[in-house]
Every structure is written in structure tokens, then in C-alpha cells.
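Two forms of a single protein chain come next, each set out by itself as C-alpha cells; they are called structure 1 and structure 2.
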Structure 1
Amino acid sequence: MKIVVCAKYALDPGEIRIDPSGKPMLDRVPRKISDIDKNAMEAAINLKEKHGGTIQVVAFGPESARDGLKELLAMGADEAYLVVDPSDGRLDTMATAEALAAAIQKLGGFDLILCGEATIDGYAGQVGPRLAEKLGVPQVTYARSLTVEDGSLIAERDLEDAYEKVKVPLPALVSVTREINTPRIPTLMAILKASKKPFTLWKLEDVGLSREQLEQLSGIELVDMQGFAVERKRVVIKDKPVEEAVEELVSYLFKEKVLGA
């Protein structure tokens, strides 16, 4: 089976600071592979273990994404492909899907594309469905379990009011939830081996696109950004007998007038 995993080297939102004027400081924010994309990777490995085949990881992002993709190679991907985003992350999900689709087409066919439910930074949940539409394949979102049999995929979807079991013919695109599995942590041995696995860096031109083309395709324009710095009082009661600690808390809450209105 030919599996493609789409993984974003995303900004770690926990590391974003807000400057005194209320603007988020987005330069030099550390990045990591978006959490749920590791669940997608783990799901790919489980399928490969059962059915054989290859796992190719594809990312659209900054050159530094190489570091994140190494981690996925160490987990068990066979090859990684990075299409370098020249825009510093300003393109929307439509442009991202376009770049990923071009890369996936260059790789030849696929049986299954795996994505995460949504990314940790943008949290759009759009790239998967857009990619499925662009490539003309069915999509299954919010999958919390997956099996493949006789060219079809059966997944259980986690919707807010129901679990829905669906069957789709391959090729298809699936986006997984965080609950589908627990991503493995690569061993040191696997990390060392990963440095020898094929890693390919493509410019947009290598996949038949240009920066101008993508910027035109990008459907969203940013008007303004405003950070919320929610300042909490951070009073921590510790090393006290429980009854004493609780009385102290209750008196604070009375002072705040949030009790017994």
C-alpha cells in the first residue's frame, strides 16, 4: 500500500508571547511537528505493518522543517519530501493544499493520504478536505480507528453526537483524531538510522508552481492580529493541611465576590 502522510512543521503556540502593544511576537517561535500529524504517522505505520508498502511524508513549510521530518523518518516513514514555502507561512489552506497536491502528484499515485484533524497553530482542519477535493478522492474526517480490507477502508468517525462507521474505496484521504493511537517515541537507534533515509527538498518550481501563483491562489488576506494576554493572579496554596488550604481558598473566593451571589 502506498501511504502519504501530510505533516506540518507548525509554530508551537505555547511559545508565542504577546508584546506590550498587544501584538503577537511570531519571529523565532520554536516549531514542532503538529501533534495530531504524529497520530497520522503512527496510523500509517500500523497499516504498513499489516499490509506492507511505503510511507512517504510530505510537508509544505520552511527549510527548518527538515528537523521535524527527521523525527517522522525515525518513527518509521520511508521517505520525506519538503516543499519549501517562500512566504514565511502567510499562505492560506488553499495554497497549502495546492502545494501538497502538486508534490503528491509528482510522487506518482497513492492509495491513502493521512492527515491530522487540525494543526496546533492554525487549527483550521481545512487542508485535508481541500486536498481530497483537489485530488478528486473521498475524504473521511475525524477517524478514531482505521482498517483496510480488499481495497476499501473502513473507519470509525467521532462526531459530536454519534460514532459513524464508513467505508470508502481507495484511493482516499483520511484525517485522524488524537485518540486513534499513541504515537511511538523513536529509539536512539531509529533516530540514527533515520539520518540515512531519503530526504528530498523541493522548491515550488520543482513541483510546477511559482510563488506568484500560490499567492494569487491564497484565498485569505490578513487584516489585523491582536493578542490576548490573560493575566491570572497565580496565588498557589501549598504545604498546608487540607482544611487550612481550603479555608484560605474559600476566603479568597469570597473576596473576589464569586461565591454565594
Structure 2
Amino acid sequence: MKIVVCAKYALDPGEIRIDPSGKPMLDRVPRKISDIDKNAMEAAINLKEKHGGTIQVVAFGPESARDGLKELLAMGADEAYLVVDPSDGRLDTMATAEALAAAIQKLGGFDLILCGEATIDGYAGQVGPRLAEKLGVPQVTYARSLTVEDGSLIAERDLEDAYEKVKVPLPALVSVTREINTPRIPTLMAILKASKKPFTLWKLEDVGLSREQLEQLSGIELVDMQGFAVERKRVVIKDKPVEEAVEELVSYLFKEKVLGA
């Protein structure tokens, strides 16, 4: 099988800080490979171990994404390709899907494309479906398990209130959930070997695109970003018998409309 894994070098949301004016301070936020993309990588490795083949990682992002993609090479990918985003993340999901589609078409044919259901910073969940549409292949979203049999892919989808089992012919695109597996942690030997695996850096022109084309495709303009603050009530109940303290707490919760209609 020829498997392509799409990955994003995303902002780490756990490291975002808010300035006194309420603006998120993004300039110094560290990046990492989006967690759910690692689940997609693990799913690709499991399929490769069972059916053989190759795994190619494709990303659209800053040149610094090279560091994150090395982690996926250490996990088990055979090759990595990075299309440099000249806007540094300002383009929307439509433009991102266009860039990834151009890169994948440049690589030639594929049997399966895997990606996370969404990225940990934007969490739009649109790149996978848009990419499948551009490439003209069936798509399966929110897969919590998948197998390949006789040229078809069988997946179980998580629809929150139900599970759905589907079967689609290959080639296809699948976006996976966190529940599908637990990504492996690369060994020291695997990390050292990753530095010798093929890594290709492409400009937009290398995949037949331009920044102007992608900007025209982008239908979303980021106008402003605001953080939010949660102010505590700082209500303390102490030095009272348990029954009395509980009664006072419940009364307060009713008063604040946390309980009751």
C-alpha cells in the first residue's frame, strides 16, 4: 500500500498566554505536530505492518515544521514532504487543502490518505473533507477503527450518539479520531535513523501554485482574536457543621442559577 499521512505543525494550545488587554500572545507559542495527526500516523504504521508498502508524510506550513516532521519519520514514516506556507498560517482550510492536493498529485498515485479529524489549534475539521473533494476520492470522517480487505477500506465511525460501519473502495481518504489508537513514542535508535530518511522541501512554485492563487481561494479573513477570562466568585464556606454548610452552598448555587430552572 502507498499511504499518505497529512500533518500540521500546529500551535500548542496549552502554551498560549493572554496579555492584559485580552489578546492571545501567539508570537512565542511553541509548535508541535498536531496530536490527532500522530494518531493518523500510528494508523498508517499499523496498516503498513500488516499489508506492507510505504508511508509518505505531507505538510503545508512554516519551514520550521521540518523539526516536527522528523518526529513522524522517527515513528515510522518513510519520506516527508513540506510545502512552505509563505503566509505563516494566515491562509484558511480551502487554501491548505489546495496546497496539500497539489503536493500529493506531484507525488503520484496513492492507495490511502490519513489525517486527523481536526488540528489542535484550529479544530475546524475541514481540511480532510476538502482534500478528498479536490482529489476526487471517497472520504470517511471520524474513524475510530479501520481495516483494509480486498481493495476496500472498512471503518467504524464515531457519530457521538452512535457508531456507523462503512465500506469504501480504495483509493480513499480517512480522518481518524483520538480513540483509534495510542501513538507510539519513537526510540532513540529510531530518532537517529530518522535524520537519514528522505526529506523534501518545496516552495509553492514547485507544486504548481502561487501565493496569489491561494489567497484568492481563502474565503476567511482573520479580523481579530480575543482571549476569555473566567472570574472566580471566591465564595468560601467554613467553620460550620457539614449539614449547614451544604445547605448554604446549595442555596447559593440556586441563587446563581447553577441549579434549578
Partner chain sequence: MAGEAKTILAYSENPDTLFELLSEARELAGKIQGEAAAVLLGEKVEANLEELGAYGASKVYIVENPQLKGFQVEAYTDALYGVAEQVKPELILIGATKRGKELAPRLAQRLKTGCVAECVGFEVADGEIQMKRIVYAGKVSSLQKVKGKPAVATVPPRLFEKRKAEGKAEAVSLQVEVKAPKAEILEVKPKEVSGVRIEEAEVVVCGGRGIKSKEDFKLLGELAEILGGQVGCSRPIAADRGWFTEWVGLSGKKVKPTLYFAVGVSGAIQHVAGIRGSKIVVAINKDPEAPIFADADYGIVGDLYKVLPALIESLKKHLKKG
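Numbers follow structure 1, counted from its first residue as 1. This structure is a prediction, so every number in the text was calculated from the model and none was measured. Between two forms, the rigid core is the largest collection of C-alphas that superpose within 1.5 Å.
**Student:** Sort out for me whether 1 or 2 is the form predicted on its own.
**Tutor:** That would be structure 2.
**Student:** If you could, name the hinge position out of 149, 162, 196, 229 for the rigid-part rotation between the two structures?
**Tutor:** Where the C-alphas swap which rigid part they fit better, we find 229.
**Student:** So how many degrees does the small rigid bit swing against the big one between the two structures?
**Tutor:** Interdomain rotation between the two structures, rounded to whole degrees: 49 degrees.
**Student:** Quote the shift of the Cα of residue 254 between the two structures to one decimal place in Å, the two forms being superposed on the rigid core.
**Tutor:** Shift of residue 254 at C-alpha, rigid core superposed: 11.5 Å.
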